[in-house]
Structure formats: C-alpha cells, structure tokens
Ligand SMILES: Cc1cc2nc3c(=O)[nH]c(=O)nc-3n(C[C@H](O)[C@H](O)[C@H](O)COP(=O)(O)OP(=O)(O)OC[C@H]3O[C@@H](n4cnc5c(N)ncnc54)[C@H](O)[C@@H]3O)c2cc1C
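Single chain ahead, by itself, as structure tokens, in the form predicted alone.
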C-alpha cells in the first residue's frame, strides 16, 4: 500500500528489494517510482528510514522509505540533543563509565545536573594500549582490560544495538545520541544495527568531550570500595581504593556485570542483594564463508550482501540453549577480569571482514544448579561462575590461553588432539571441554549443537571450533531496587544497568542508566 503524502509531496512507503536494487541508486529510484506511481524523473531522493534483510527464501530487503520529489528539501532525521552547562548544578556521582553510566551522564546534563563519573579503569586511548600489552604478556591487567575502562565491556563487543527492551524507554534516543557522537546514520535504520569495535573508541571519546564541555567530570583509575553516608543515613558519595572520596546529592551505581568486588561489598555489609539466573557456555567459531552459504542458500550468494549472521535457540530437557552476541566477520577475545580465570567473548569491526564468524552459545543456569555453592547465599551463582572460569584457566595451562576443541569432537566426546585455525586473540590449547564444563552445561550444548545442525544444515561440522568459557553473558547477581529505581535499603543509591541485573546489552543499559538518573535527580 502506498504511504501517506506529507505536505502534498513526500511519500512514505515500503519496498521489497533485491540486493542489487537496494544497493544501486537508479534501481532503487525505479522501484520507488513504481510503488508510488509517479514518473521516475520526478523523484529527487529516496531516503531509507528502516531496513531489514530477509534471507529465509528469496533474499531481499524490506525497506521503509521516504520518497522526495525533485527540488524538495529533505526533512531532518532528528532534532539534536540539548545539554545544559552543569557547573552550577547539583552534583550526581555516577560509578562506572559503561553505557549505563555514560548515557546517564548525558541525561544529567539535559536535566541541568553535574555528573561526576568515577571509573576504575582508564580513558579509552590508554585502555587500548593496556589491552594490547595484556595480550602480548598473557596476563590480565585487573584494572584496565576488555571489561574495565571507559565505554565498559560494550566497547569491545562489536557495538551491537539490537534490543528487545523497547518498553523500557526510547531506543531511538540512544541511537540518535550515538550518531551525534560519531556513529554512522545507518544505525538509525538497521533492524540489527551495530557500530564496530574500531569505531566505538572514538565515539566514547566524543561523549567524554560533550560531558566535559558542559561541566561534567571524569575521575579515572578510581576503584570504589565503599559508600559515604549523610547524617540521615542516605548514600551521598563514594570512597575509593586510594583513600579519596567523591560526594554529591546521590549515587548512580552503573558498575557492569563483572565488578565482583561491588557484590562482595554488599554481601559483607548485609545490604540487599539477590542471586539471579544467568547463562554459561562457549564460543563457537565457523568459517564466515560457511555461515554465508548456510544463511544465503548456497555458494552463489550476492557479494552485495553483508557477512551473514544467525540467531538460534532450542530447549534441552526444559533448559534453554541459545546463541548470544553473534559476531559475523569477528574475532574472539580473552575477557577475564582477574588472573587465574579464563573467559572468552566476541567482537568485530565495522567492516565485519574477518574470515571467521563466532557466537556465544549459552545454557541457562539457575540457583538450583549451584551445587556445592548452594548455601542460599546471593553469591552462590557468582561462585559457580568463578569456579568454571578457574577450571577453564587451569585446563589450558594458564595465561590467556583458551581451551578449545573441534565441534563434532566435543559433541561425540572424542579426543582434542586436532584444532582448527582460529581467530582467537591468543593461543588455543586442545582440551576435552566436557571435562571442563559442568556436566549439565556440556550435555545441553552437545544436544543443542546437533539440533542446530538440523536447523542450519552445515552448522554441525568439525570445521567449527568450540572455545571455553563464555560466562559473562549477564550478571549472576541482582542489586534490588524499588519502583523509583532506588536500592531497597540504601536510600540515595540508584543501581542500574547490567551490573545491577536490570539490562543486557548496550542499548538496554543506556536506557536503564538514563532512567536511573531521572529517578536520582528527583530525590525524595
């Protein structure tokens, strides 16, 4: 159906386009002219406002477009954000410079409050150097790594912007703020948008510039170890490991899912804390060309198509097994935050041009699975998670080495003497992974991989590698809060994002951080 006319000129409509039509301006204009029933020579510009790629049968794009007539000016995509000078505003302490903390700080500026960001890691420029040195040395820098530092873990996870948390807030607002700070406008139109790790660091630096120019502050290399309370018992600030303190009207806690010391602090002090189900598994890595053939129905797919992605899930004896953080044309990275632990994660650059595709494949884990750690402590699942990471570390011989096995060999419990070439940013060591993973995780993965092979013909192959352990999918702990975003017992403290157990990914964390600031600045 033809879209409505706006001001008697611009036409909004939906087009079904072959890849060559979408990527060729003349063909795109011709398709728009046919649908809008206007002469093609009368069309000035066709602007895509939303697109998705459907490769289930005949491969095509579904594109919502605005068709502008010749000489007609294009309307703006969005109105820019308005930030206030906050130098004289109320002081708001924000712990953590990940998506929740940074977008919370931007919201504080919009509300006229002065955000003071306290971050245990370093600015992104130095953080990149530390990560390079860490990989070369085979040792984890426990203050500056793939998870800690400006931008949080999201800076090194491809910058995926897809979220199902559309009811929590305005997803478009997060995307628009990213574009304002250097992201490509394509993220506004893609159903499964991503930015790319190589571009995210510059965007984080631009966000820092905005915050500083409007009176906000950054305090890097400041690890929070305690809270400061007012005479009335409300949280008013934080105490750092170096003995320094930072005070404000309230504290937004946006520490991310790997800040285990914060969970330990809550447990030691008896502050409200809850165990939360999470997921644990492996990274599976295939040749990207193989995933392209599977998803695009054969080897003769169009070179105009992007590196193919997939999303897949199944149930194994009532337990969910699912793909997570799929990285087409990606790299696998060592993501542990402490020495003596082994963790893997995936990332890819904007071009997604690597010869490999990787994805987390995770198994749901509940409190009943805590086993020896089941003392009904809110940290039971964290201990469970940590134990698996330490076992994976030991199995590969230490350092940042990743225990790995060919996929079919893993599923059939065969030896691990042979390994495929891998894009892991470190060394892979042949290990029988069923002896490393908890039994229920290993058997669930083995059955799931066979099922995935039936759903995606070619997926179940020894051309694929399995690397352990993918354990930081989400937090195994929740810091509970009330309907106003405030901690249940610590008034003046506003937990948010993945670390508080209320988000999962860049966009949902950003939305949650903005809402936390809105609550914190309406102090009751």
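Residue numbers count along the first chain shown, from 1. Predicted, not measured: the structure shown is a model, and the values here were computed from it.
The next section is about a form of this same protein that is not shown, the form predicted in complex with the ligand.
*asked:* On the criterion of a non-hydrogen atom at 4.5 angstroms or closer, are 134, 359 and 425 all touching the ligand in the predicted bound form?
replied: Checking in the predicted bound form: none of 134, 359 and 425 is within 4.5 Å of the ligand.
*State the residue from 97, 93, 282, 402 whose non-hydrogen atoms include one within 4.5 Å of the ligand in the predicted bound form.*
That would be 97.
*Contact residue in the predicted bound form, from 116, 183, 250, 153 (heavy atom within 4.5 Å of the ligand)*: Here the answer is residue option 153.
*Proximity of residue 120 to the ligand in the predicted bound form, heavy atoms at 4.5 Å*: Residue 120: contacts the ligand in the predicted bound form.
*Is residue 256 close enough to the ligand in the predicted bound form to count, meaning some heavy atom within 4.5 Å?*
Taking the distances in the predicted bound form, the answer for residue 256 is yes, it comes within 4.5 Å of the ligand.
*Does the ligand come within 4.5 Å of any heavy atom of residue 101 in the predicted bound form?*
Yes, residue 101 is a contact residue.
_I'd like to know whether residue 222 contacts the ligand in the predicted bound form, with contact meaning heavy atoms within 4.5 angstroms._
Yes, residue 222 sits close enough to the ligand in the predicted bound form that at least one of its heavy atoms falls within 4.5 Å.
*Heavy atoms within 4.5 Å of the ligand in the predicted bound form: which of the stretches 29-37, 477-485, 492-500, 48-56 has them?*
Looking at the other structure, the answer is 492-500.
*For 143-161: residues with a non-hydrogen atom within 4.5 angstroms of the ligand in the predicted bound form?*
Residues within 4.5 Å: 146, 147, 148, 149, 151, 152, 153, 154, 156, 157, 158, 159, 160.
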